[in-house]
Structure formats: C-alpha cells, structure tokens
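Next up: just one chain, as structure tokens, the form predicted alone.
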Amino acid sequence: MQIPDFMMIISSSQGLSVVLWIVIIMMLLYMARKPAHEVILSASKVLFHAFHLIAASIFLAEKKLKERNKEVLLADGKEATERIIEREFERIDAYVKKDLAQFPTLQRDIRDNVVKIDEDYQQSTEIPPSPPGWTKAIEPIASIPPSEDSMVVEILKSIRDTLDKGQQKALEAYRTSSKLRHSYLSKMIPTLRQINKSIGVLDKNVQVLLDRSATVDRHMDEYYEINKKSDKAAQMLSSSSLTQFFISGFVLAIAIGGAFINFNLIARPMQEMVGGSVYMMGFRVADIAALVIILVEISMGLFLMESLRITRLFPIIGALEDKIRVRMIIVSFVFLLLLASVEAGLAYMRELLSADDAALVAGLLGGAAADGVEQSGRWITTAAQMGMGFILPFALAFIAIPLESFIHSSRTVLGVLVAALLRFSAVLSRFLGNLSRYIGKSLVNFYDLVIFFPLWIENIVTKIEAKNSSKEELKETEKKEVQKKAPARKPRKTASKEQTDDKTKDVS
C-alpha cells in the first residue's frame, strides 16, 4: 500500500513516514482529548434527550388515541345496545299485542268453565234417600210378638212383602240418581282438560315474556355499564369488535369469491355485446361492463337492506317516511330482480357461445360424431349456469350485513393497531436514546484506545509526580511531628503582661 507523496515526511522510508504520521495524529488527538470528549458526550446527551422527548410525545399521543378509541368504542356499543333494546321492546310489544291480547278471552273461558264445573259438581252431590213416611206407622205392628194366629201371620207377611217392594224401589231410585251424578262428573272431564290447556298456553306465554324481560335486563345492564364508561364495558366491546371483525372479514371473503364467479359468468357474453377488443384506460370495456353490473347489484342490495332497516350504513334512508321507504324497497327489489334476470340470460348466452366454440373446434378437428353425445347432457350445464346467474345477485345483496359489521369493527381494530404501533415507536425511541448515550461513552473509550500510548506516558508521569508529591508530603508530615514533640516556649508578651498587671495591683 502506497501513501501519497505529500504525506511522505521522510522520502527514503515509507514505513518511517507512516510511523511519524501515526505519532503526529496520536499527539494531535491527545491534545484534543478533552474537547473531543466533551463533543462526543454532548452529542450523545443531545440524542438521548431528543429520543426521550420523542418517546414522551408518542406516549402522550398513544394515551390520547386510546381515549379516543374508548370513546368511539363506547359510542358504537351504546348505539348497538340501544338498537338491540329497541328491537327487544318491539318484539315484546308485538308479542303482547298478538298473544297476550287473547288473555281476556282466555280468562272469560276459564271463568265460564269453572262456573260450569261448579254447577255440575252441585248437581252431582250425593243426597241420601229419605225413608218412606209410612215406616214409622208400621213400626208398632212390627213390634207385635210372633203369634200362631194365621191371620196375624198373614198380615205380617203382607207387611214384609210391602217393605221389600219399597226397599227395591228405593234402591232403583238411588241407582238412577247415582248414574245421573256420574254423567255430570263425566261431563266435567273435557272441561277440566280445556282449562288445563288454557292454563298451559297462558303459562307458556308468560314464560316467553319472562325470557324476553331477562334479555332486556341483561342488555340494560350492559347499557348502564357503557353509560358509566367503565373499563369492563370497554374491554367487553373491544373483544366483541375483534370477533365481529374476523367473522365479517371471513364472510366478506366468501362474498368476494361469489362476486368473482359471477364476474366470470357474465364476462364472456359481455364481450359479444360490447366488443372484446375495445379497451378503455388499459382495461377491456366488456370486463368493466360486467364489473359495473355486479357493483350495481351490490348497491341495490345495500339500498334494499337499508330500506328494510336491517343495516344502518345510510342513516338518511332509515329516517325516511315509511311510505317512501316502502317505495324504495319495491324499486330496489325490482331492479335487483331485473338484473338477476339479465344475468340468467347472459348465462344462457354464455352457454350458447361455448357450444358454438365447441362445434367450431370439433368441425376443425373432424370430430362431428362426438357432438351428439355431448349435446344430450348440455341442458344440465345450461340450467345450472342460469340458476347461478339468477341466484348470485340476490346472494350478493346480503353482503351489506357483514359489510356494516366490518366497517364498524375495523375502526376499533385500526385504533388498536395504531396504538400498538405508537407504543412500539415510543419504546424504540427510548431504546435509541439509551443506545446513543452508551454509544457516546463507548466512543470516548475508543478515543482513549486510539491514543493509548500518550495516555500510557501520561499515566507514568502522573505516577512519578504522585510518588514525589507523596514523599514531600511525608517529609512535611515528619517535620510537623518533630515540631510538635519539641518543648513549648513561654511567650514573652504574656509574661510582660503579667508583670504589668502585678505592678498595677501594687500601685492600687
């Protein structure tokens, strides 16, 4: 490796020049060591504070975004809960008008049946037969003691026969009355069954009403939690939004697949209608026309669902008068039906074009004999394609339901993702700040590593100076100790002062 000529300090030796340059650079770096250290540390400190300031700003933005996401989430949850509660009250109102409106009639029937049962019960009460009135009259005769008189015997026999006949008649009357009472009791059975059935219907209606009330209570509890803006409600709505996002996304993917099949079904006939060689902005006009038909079908489906108040993507449609809304339902459905019919016709046309293409290919290949076999089952394919062409537009109309869920839940999901991104950015900024501080310290150490030789010499000199200074300090210390051990002399000024004081006392 050659060094430039202007760097050759000693022209005869390149290696010596390199050594001299290294020494010079090391000396320069050694002389600039302190300012260089200050510059490196200051730069690292500036980067450290800058990254930490950025991290604090991002944390603040994340906090505001979370608050905003929570407000949006609670607002959406409040609206959805209000819709559910409103729908439950509508169902309860319809149920009360439809089923419980028959409650007075049912109550009247039960009361009439109970009255009828009471009457039958009163008529079926067993009444003991009254003893005949002449029984008491013959009691004295019956108390006559047996006698051998034939006349008396004859009279008693006739009385006994009369009593037997009377007993037989009373027994027959009792049997007749019992049969009549049993007939009344048998009439009570259908009435009791009718009452049991009516009570069962009433119990079922009341149970359904209680279930509806429990559902309303549960939704009302959720509504109260949302109004309190509690973290529990926010977590519940967040998890529900994530679930709705993935489910609606899955259904939308299926719908996109159906739209793709529908596009392929009508793209070929559209080429015959608008021309397959005409292009606009790089795309074939036939494909654009087929795509427009599918989009119009989806739009009609959206308007139909909005008019039926199944979705609420366009609040202005839901706020229309019922009369105008019904007209809009009819118009949307008619357009959808016409488009479905058009697609069925295009599917039939596609099958004819396919048959023509197959016949052309067979004619060119000379396989006319196989055409008869293929034509025999072609009607099945034609019917299937026409059926798909007629059904798919109506199926695409229901895309409005998952689309609404996807749009509402995507706001929450995007908010969560952006918050997570901000948190990651803040953590990264703080990491970069700490990293810049440690990089500054490392650069300082690396700088000292480059000028290790002057520093080594400086270290040796410093040690020698320190050693000399320690010797001097040791000598000074020993000298001070020697001075401390020497006897202390009385200060002359103090003695003269005492003598002056004694003289003053004597004078006084």
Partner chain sequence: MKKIVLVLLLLLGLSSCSSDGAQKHNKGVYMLVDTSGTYTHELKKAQQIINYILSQLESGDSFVVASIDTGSFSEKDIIAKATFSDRPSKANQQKRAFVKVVDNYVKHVKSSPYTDITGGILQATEFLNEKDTASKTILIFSDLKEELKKGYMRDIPLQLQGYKVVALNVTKLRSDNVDPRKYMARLKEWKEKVEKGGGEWEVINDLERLDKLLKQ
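Since the model is a prediction, treat every value here as computed from it, not as a measurement. Positions refer to the first chain, counted from 1.
Omitted here: the form predicted in complex with the partner chain. The next part is about that form.
For the chain shown alone, I316 is not a contact residue for the partner chain in the model of the complex, no non-hydrogen atom being within 4.5 angstroms. Shown alone here, L360 lies within 4.5 Å of the partner chain in the model of the complex, counting heavy atoms only. Within 4.5 Å of some heavy atom of the partner chain in the model of the complex lies at least one heavy atom of L353. In the model of the complex, at least one heavy atom of M280 sits within 4.5 Å of the partner chain. Interface residue among G257, G200, P190, G275, judged by heavy atoms within 4.5 Å of the partner chain in the model of the complex: G275. The partner is absent here, but in the model of the complex a heavy atom of L364, alone among L364, V206, A101, V334, sits within 4.5 Å of the partner chain.
Between 381-389, 263-271, 324-332, 167-175, the stretch whose residues reach within 4.5 angstroms of the partner chain in the model of the complex through a non-hydrogen atom is 263-271.
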